[in-house]
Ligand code: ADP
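Presented as C-alpha cells, the chain that follows is alone, the form predicted on its own.
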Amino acid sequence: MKEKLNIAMITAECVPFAKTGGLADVVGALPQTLRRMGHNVMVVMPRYSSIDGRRYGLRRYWDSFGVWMGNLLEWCAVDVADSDGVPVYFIESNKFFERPGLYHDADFNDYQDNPARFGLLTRAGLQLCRDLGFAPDIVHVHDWQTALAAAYLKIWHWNDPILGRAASLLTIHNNAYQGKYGAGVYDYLGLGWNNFTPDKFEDFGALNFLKGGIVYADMVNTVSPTYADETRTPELGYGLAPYLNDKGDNYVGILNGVDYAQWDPTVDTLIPANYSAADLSGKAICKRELQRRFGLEENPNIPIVGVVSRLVSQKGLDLLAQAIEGIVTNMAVQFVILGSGDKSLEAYYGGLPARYPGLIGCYIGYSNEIAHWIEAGSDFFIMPSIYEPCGLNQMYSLKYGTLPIVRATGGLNDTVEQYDEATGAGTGFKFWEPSAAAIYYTVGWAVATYFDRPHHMQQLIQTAMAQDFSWEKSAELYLAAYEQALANKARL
C-alpha cells in the first residue's frame, strides 16, 4: 500500500454538523484518525438548512458548481469547513437540502425525492474530486445514501484521469435501510438501463441503492464482526444475504471506535464530577446528581439502570415496556430513560415517572448532556436490541464503569463479555432471547449481583473500564480493507 493515501468520504451525516445515528459518529471520527496517521482525507456531505454555518465556520468555496445527472445539469454551491484538520465540503442545493429534516418530515414520512437528493450528493462528491484535482485512492461511502458512488466509478469514471484508479469501500451501518424506490428516478440517476437487472439495481421492479452498491463496490464492510455474520443469513440479510455472501472475503466486519476525547469520565466536561478506575468517588457524586435531577429517591445503595435510545421496536424498547413495571415493582432498582421515536412508546415511557415516582425518571427528546449524565451516574445500562449493527452506548458504558445489560446480537455481542458468576470475570450481562421475560430475568441477575456479590461488581467495573475501543484500532482495520479494495480494483 502507498504510504499516504488520498481518501474521499461521501456521507449523508457527520458529527458535529448533522446526526441521526452512529453513521455520523463514524464519519466524524474516522477521517481525523486517518489524518493523524498520515493520510489525506476529505469529506463531502449535504449543506442541510439545520447546519449553523457561523457556529461551525463554514465559508463559501464555490458559488456555482455544476453536476451532471443522467438527464439534467444541476447547479449547486459548495461551502467548506475545517474539522480537526480534515476539510469537509458541503453541497448546497436549496432544491434538495433546504428543508427541516435530513431524510423525512416532522411526521417521519420519507421525502419522496430522497433518491434524487442523495443521487445528486453522490454525483457531486465525485465531481468535486475532479474539480479539486483530488485523485482519491479510495472513495469511502456509507449506507444506501451514497452507495451509488461504487457504481458510478465503474460506469462513468472507469477511464477518468482523476477518478479512474479509485477503489471503493462501502460501509453498511444498517442493512435494513436499503434505499428502495420506484424506478421513475432511474433516468435522472444515469446508471444505464442495461444495469437495471436483478443481479444489480433492480429489486422486484423497484430500484435498490444498497444492493447495487454492494454489487459494484470493490470492498464492503459493516460495523461489527457478528453483524457481518448475521447479515449473511435470511433473517437479518433483508433480501441482500445472497449478494453479501457473493462478496466472500470482500465483506468484513469492523467495529466502530469510540471518541474517548468526548466519552471518558476522567476528562468529561459535561458530568457533575470526573472519576477514574483508580478513584470512583466521582461516580458516586454523578449517581447522586442523576437521582436528584430526575426526582428519584436519593439513595446510593439502590442501583440505577440507564437507557439512552431511540424509542423503537428495533431497539427492543417495546419489549422493555412489557418488563419494566414488573422490574421496579419486584426489585430494588431505579430507571432513567432518555429517548424519542415511536409516539406510543414516547407516551408510555413519558408517563412512567408519574406512576412510579422516585423509581423512574424520563426525558423525551435528546440531550447530549443528559446522555453523559446517564452514562456516568448509572450502575447498569440496558440495550435489549432486536438487532444492533454495532452500538456505541455499550462501549461508552464500559469506559464509565456502567455495566451493560445487552441482548447478544451484532456489536453488542462483540463488545460485551458475559459475566462469569463463578470467577467474577466479564464486563456485563448478556441474554439471547428477544423477549420481555429474558429482559426481566437478566436485569434481575444484574441487580442480584449488585446486592449479593459486591466484590464481583467491583471486579466487573475494573475490567470494563480497562477496555479499549479507540479509533486507532478500528482505523488500522479500515486501512487493511482499503488495501484489499485497491488489490481488487487492480485485478479488474
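Worth saying up front: this structure is predicted, and the values here are computed from it rather than measured. Quick note: we count residues from 1 along the sequence shown, nothing fancier.
Omitted from view is the form predicted together with ligand ADP, to which the following refers.
Peer 1: Tell me, which of Pro100, Gly184, Gly295, Gly365 has a heavy atom within 4.5 angstroms of ligand ADP in the predicted complex?
Peer 2: Selected option: Gly365.
Peer 1: Select from the listed residues Val220, Ile405, Val336, Leu392 the one whose heavy atoms reach within 4.5 Å of ligand ADP in the predicted complex.
Peer 2: Contact with ligand ADP in the predicted complex is made by Leu392 alone.
Peer 1: Which single stretch, out of 71 to 79, 384 to 392, 347 to 355, 196 to 204, brings residue heavy atoms within 4.5 Å of ligand ADP in the predicted complex?
Peer 2: Of the stretches listed, the one contacting the partner is 384 to 392.
Peer 1: Is Ala273 close enough to ligand ADP in the predicted complex to count, meaning some heavy atom within 4.5 Å?
Peer 2: Taking the distances in the predicted complex, the answer for Ala273 is no, it never comes within 4.5 Å of ligand ADP.
Peer 1: Does the 4.5 Å heavy atom contact test between Ile302 and ligand ADP in the predicted complex come out positive?
Peer 2: No, Ile302 sits far enough from ligand ADP in the predicted complex that none of its heavy atoms falls within 4.5 Å.
Peer 1: Any of the heavy atoms of Val252 lying within 4.5 Å of ligand ADP in the predicted complex?
Peer 2: Outside the cut-off, so no.
Peer 1: Given that the partner is absent here, does Lys315 sit within 4.5 Å of ligand ADP in the predicted complex, heavy atoms only?
Peer 2: The answer is yes: Lys315 has a heavy atom within 4.5 Å of ligand ADP.
Peer 1: Is ligand ADP close enough to Lys287, Ile360 and Tyr450 in the predicted complex that each of the three has a heavy atom within 4.5 Å of it?
Peer 2: No: none of Lys287, Ile360 and Tyr450 comes within 4.5 Å of ligand ADP in the predicted complex.
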